[in-house]
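The form predicted on its own is given below as one chain in structure tokens.
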């Protein structure tokens, strides 16, 4: 998603940087929008209708009282982008029946098997019992890959290493996984011109009668995603779409727009390589993030999920700021996911202004400090004053770092501790003044 943010944030910066929006400025913005959408591989007809509709609205509509025209222009672009991506509707994540059977389709290399495990983990985190079935008899590694992923996330698994009949494997898998609430069937990679393989997809569909068919599409194919969807629709109904690798290409915007044009709904997007890096697709939130408005709702949810498990804030407010608290803070930050993903959720263009090198360095430091803190004893974590040269050498050796790395981390901790004390004093002073008044 970051490449898309970089493309569109420049347009938002340009709009916010002008003093007056006249016809010439509108023409320039229209051209910039078209270039950005074409760079994202959005189909040409959609690019044209998008820019024409946005500019026409700016010319004909008046912003609400008190809203500057340039802010209204950004809002109109946001609304048109939401429309381009499929509208306001949010994905339906409910499982109307038990077991709910989902069948995954997709061309080879689309990331289908990994997506099966990602969707499984997404639902397992919400208390759903999930079973995974591997029916790919063409790619030898498919069985091992899904089996290992199933073991990693704790999902049930069925597959046959020596199986030859994909339809029978699917049937037996459904029988074996009857205790699951959600059953996900992974199929072999397909090419839209391989009619024999497409017929096999149809045979599996008719045999197991899945409740939902999900097409998995690689974001790097851009607008070609529509051709893939249309080819599969000739054989089986496509109920929803999952788009992978959205974090690594600007062409993901083209894939989203092309899929929306076919009438299929995008349900999930893959936002990283991690097994938990998948999220429901909301055109509204996605457009906000792409335009640099952020997605504070998603950020708050992620932070709340972490803070429910940690008592970091309570300890800081009470003044108990030792290395144990510092360790909990780092654990909480790491649980939020990669810093690049967290930055994308913030409003403004912060994510685009911080370069990849800085983000990667910060992420490495967090992991390094976590290793250092894990090499300390409970006594050392609770009382950092006992850390002498000998202890620091032992800790560095255990963490695989240098003594200088340990000292650098201790300096950061000391700065945070002093800052926490200062903020606490200011809070108490403010509270006391309020009582006096």
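Positions refer to the first chain, counted from 1. It should be emphasised that the depicted structure is a prediction, and the values quoted were computed from it without experimental measurement.
In what follows, reference is made to the form predicted in complex with a small molecule, a form of this protein that is not presented.
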Candidate stretches 196-204, 155-163, 241-249, 174-182, one within 4.5 Å of the small molecule in the predicted bound form by heavy atom: 241-249
Among the candidates 128, 224, 145, 79, the residue which, in the predicted bound form, approaches the small molecule to within 4.5 Å (heavy atoms): 145
Residue among 168, 88, 71, 108 with a heavy atom within 4.5 Å of the small molecule in the predicted bound form: 108
The small molecule contact at residue 230 in the predicted bound form, heavy atom, 4.5 Å: no
Proximity of residue 258 to the small molecule in the predicted bound form, heavy atoms at 4.5 Å: no
Interface membership of residue 272, the small molecule in the predicted bound form, 4.5 Å heavy atom rule: yes
Touches the small molecule in the predicted bound form: residue 139 (any heavy atom, 4.5 Å): yes
